[in-house]
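This document opens with one chain alone, in structure tokens, the form predicted on its own.
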Amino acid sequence: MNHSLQVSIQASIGSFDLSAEITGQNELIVLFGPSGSGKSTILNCIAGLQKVRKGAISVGGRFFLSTEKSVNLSPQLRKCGYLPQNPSLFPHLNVAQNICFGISGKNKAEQESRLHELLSTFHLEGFENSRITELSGGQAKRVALARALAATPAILLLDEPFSALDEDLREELASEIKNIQRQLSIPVILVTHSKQEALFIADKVVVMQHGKTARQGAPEDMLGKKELSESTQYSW
């Protein structure tokens, strides 16, 4: 099956100009760089939430966008699983209802099957009827991830998925995301400005600087070997 990812886009948001070139396969790609370098904007462009001035985006040979071919699929038709930096779970719905929100159009049997699969994947069995306010931070992140994957997306986009988690939970969730990417064999693009996170989780790193993709390749080639500083909280 074709799992190729091709992104070649130009976009403008106010005075900020983005020019991004990303290629990949069914791998976990980390967008690395400081705040304001365009990482989240790239995710929004891929998801169809940000207008692209010129370029093309394709996943598995299917064009989400091509200004040359006059293709611009709606966000719903792109089949992107998207976990923004601050995912908004619905506090009036329980865990099961949150996870199934994106697949409400499927019949009940299909919803139940997908729900139980995701509950098992994210170690949430027994929390189906729990309210979001009753969950820990790590559990809430898992619910948000399960919801993003419920509709079996063609690509998964993760914006700072480990923020607000303690060190142990970050490492545990990162390992789960790596395993899920390999099980699903779809491209995953993850945004971080942490070198340790990037080196731990990435198959490929795309370094962003001032709205441009500066370079991309193997993590250690892009970032060097793992180094811990006094200010670093990670043990990865």
Partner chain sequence: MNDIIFSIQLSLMVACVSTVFVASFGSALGFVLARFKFPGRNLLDALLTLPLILPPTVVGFYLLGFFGKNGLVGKQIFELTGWSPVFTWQACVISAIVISLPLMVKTSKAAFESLDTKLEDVSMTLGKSRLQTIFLVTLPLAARGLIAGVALSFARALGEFGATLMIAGNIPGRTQTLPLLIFQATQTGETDLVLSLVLVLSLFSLLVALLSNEWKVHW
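From a predicted model like this one, the values you see are computed outputs, not experimental measurements. Positions refer to the first chain, counted from 1.
One more form of this protein should be noted, the form predicted together with its partner chain, which is absent from this view; the next part is about it.
Though its partner chain is absent from this view, in the model of the complex it lies within 4.5 Å of a heavy atom of just one residue from 113, 120, 104, 129, which is 104. Though its partner chain is absent from this view, in the model of the complex it lies within 4.5 Å of a heavy atom of just one residue from 49, 180, 207, 56, which is 49. Interface residue remark: residue 80 is counted as part of the site for its partner chain in the model of the complex, having a heavy atom within 4.5 Å. Although the partner is absent from this view, residue 137 stays clear of its partner chain in the model of the complex, with no non-hydrogen atom inside 4.5 angstroms. The shortest heavy atom separation between residue 92 and its partner chain in the model of the complex is within 4.5 Å. By the criterion of a heavy atom within 4.5 Å, residue 196 is excluded from the residues contacting its partner chain in the model of the complex. Contact check at 4.5 Å (heavy atoms) against its partner chain in the model of the complex: all three of 44, 88 and 147 pass.
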